[in-house]
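As a starting point, one isolated chain is supplied in C-alpha cells, in the form predicted on its own.
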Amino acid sequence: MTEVVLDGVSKHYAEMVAVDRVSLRIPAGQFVALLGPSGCGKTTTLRMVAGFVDATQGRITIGGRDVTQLPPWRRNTGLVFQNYALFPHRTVAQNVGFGLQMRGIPRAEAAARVATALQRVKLQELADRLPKQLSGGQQQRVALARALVIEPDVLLLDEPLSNLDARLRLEMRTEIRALQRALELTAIFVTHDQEEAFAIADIVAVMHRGQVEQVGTPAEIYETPSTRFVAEFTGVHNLLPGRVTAPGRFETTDGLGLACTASRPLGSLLGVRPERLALLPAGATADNAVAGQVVSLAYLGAVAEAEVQLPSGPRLLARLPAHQAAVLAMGATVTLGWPASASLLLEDAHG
C-alpha cells in the first residue's frame, strides 16, 4: 500500500489559477474522493498526480518518492478516464493489455495478467469483443481492468460513473469499492456527486475555486461542515443569518430565537438540513419550533419536499417522508421542528 502526499501544489494557466496551493495527504490503502462542482480543480489535481498535467509549483510524492517531475509512465498509477478512452479497433483483451505491451512485459505473463484482470471485473467471456459491441457498463469495466492490470501503486478515477445510468452507477461504485479493498489499493476518486463520494470514500476532500475547503470522513463533512460552501454543496439549503447571543442561543436578523449546541461563538449563519426538519403535531414540543405556510410541494418518491414561508420572512425547505407530506396542502399552516443538535453554525462567507 502506498501513501500519496500533495504539498502546496498549484496549477496556473497564464493568469488563470486552476489549482491553488493544495496540500493533501492520502493515507496508504485509503479511498479518497475529491468532491466539488465543475471547474473547482479536482480533475486537474488528479491529473497532476497522474503526471498528465505539470504542476506549476509544489511537490507530489507517491510512496515517499518525489514524482513531481516524472512522466506518467514512471509513476505507476492506473487512471480510469471519464470517457473510457478505449481503442475502438482493439479487442477487450488488447485494450486491457496495452499498458503491459508498452512496458515490455513478456507475452505469456501479459496474457495471464490480462485474464486475471478481466476475471476481476467479470468480463472474461468478452475478451475478443470490440468496444462497440459492449454496453456502457462493460466499457467502464474494461477501462477499470486496464488500470488494474499494470498493478498500480495508486488507482486514479476521474468521474468514472458519470456516463452510466442510475442502476449501473450504483452497481459499479459497489464493485470499484470492493476491488479497491480486496487489492488494498490507495485510490483517488473525482466526483461532483455528494452521495457517490459519501458512499464510496474513506475520506472526502471538498474542493472549491482551486482549493481544498474541508477534509474529513463522510460523516464529518456531512454533520459538521466547516464553511458555508461545504454546507451548501452538501445540502444545507436552509441558512438563516443572525448572531449567537448566548451559549446555545442564536437570534436571526428577523428576531427569531433558536437553539443550537455548536460551540462556534462567532457564527453568523444558522443552517439546518431539510431532512432534519419534522412536522410537529398540535401540542408537540421541540428545541426549535416555527410555524409557517406551505408555499410549494414536490413529490420525489419515498420523500417529498415542502417549502414553508415563515411570517418573519425566510423560507425553510423540509424533506419529509412521502406519507407525511401527503396530508399537506398548498397554503396550509404547519409547524416545523428540529433539535438543537441539528442547528449548524457557520460563517457567512463563500470561501
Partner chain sequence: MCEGTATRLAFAVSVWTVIGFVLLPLSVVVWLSFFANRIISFPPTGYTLAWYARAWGVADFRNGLLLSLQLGGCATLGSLLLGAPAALALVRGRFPGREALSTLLLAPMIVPGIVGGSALFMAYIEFEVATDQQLAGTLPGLLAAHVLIARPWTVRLLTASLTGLDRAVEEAAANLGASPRRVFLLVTLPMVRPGVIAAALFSFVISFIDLEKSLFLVGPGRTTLQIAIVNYLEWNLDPTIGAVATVQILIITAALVVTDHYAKLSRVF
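Positions refer to the first chain, counted from 1. Only a predicted model underlies this, so the values are computations on that prediction, with no experimental measurement involved.
Another form, the form predicted together with its partner chain, is not on view; read the next lines as being about it.
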Can you work out whether its partner chain is within 4.5 angstroms of a heavy atom in all three of P72, F81 and G99 in the predicted complex? yes
Name the single residue among L170, A85, L239, A111 that comes within 4.5 Å of its partner chain in the predicted complex, judging by heavy atoms. A85
Just to confirm, with a 4.5 Å cut-off on non-hydrogen atoms, which of Q140, T186, T77, T191 contacts its partner chain in the predicted complex? T77
Is there a heavy atom of R107 no more than 4.5 Å from a heavy atom of its partner chain in the predicted complex? no
At the 4.5 Å heavy atom threshold, is R249 in contact with its partner chain in the predicted complex? no
So, F52 and its partner chain: in the predicted complex, are they within 4.5 Å at any heavy atom pair? yes
Looking at the partner-bound form in the predicted complex, is R47 within 4.5 Å of its partner chain by any heavy atom? yes
Of these, 205-213, 90-98, 227-235, 267-275, which stretch puts a heavy atom within 4.5 angstroms of its partner chain in the predicted complex? 90-98
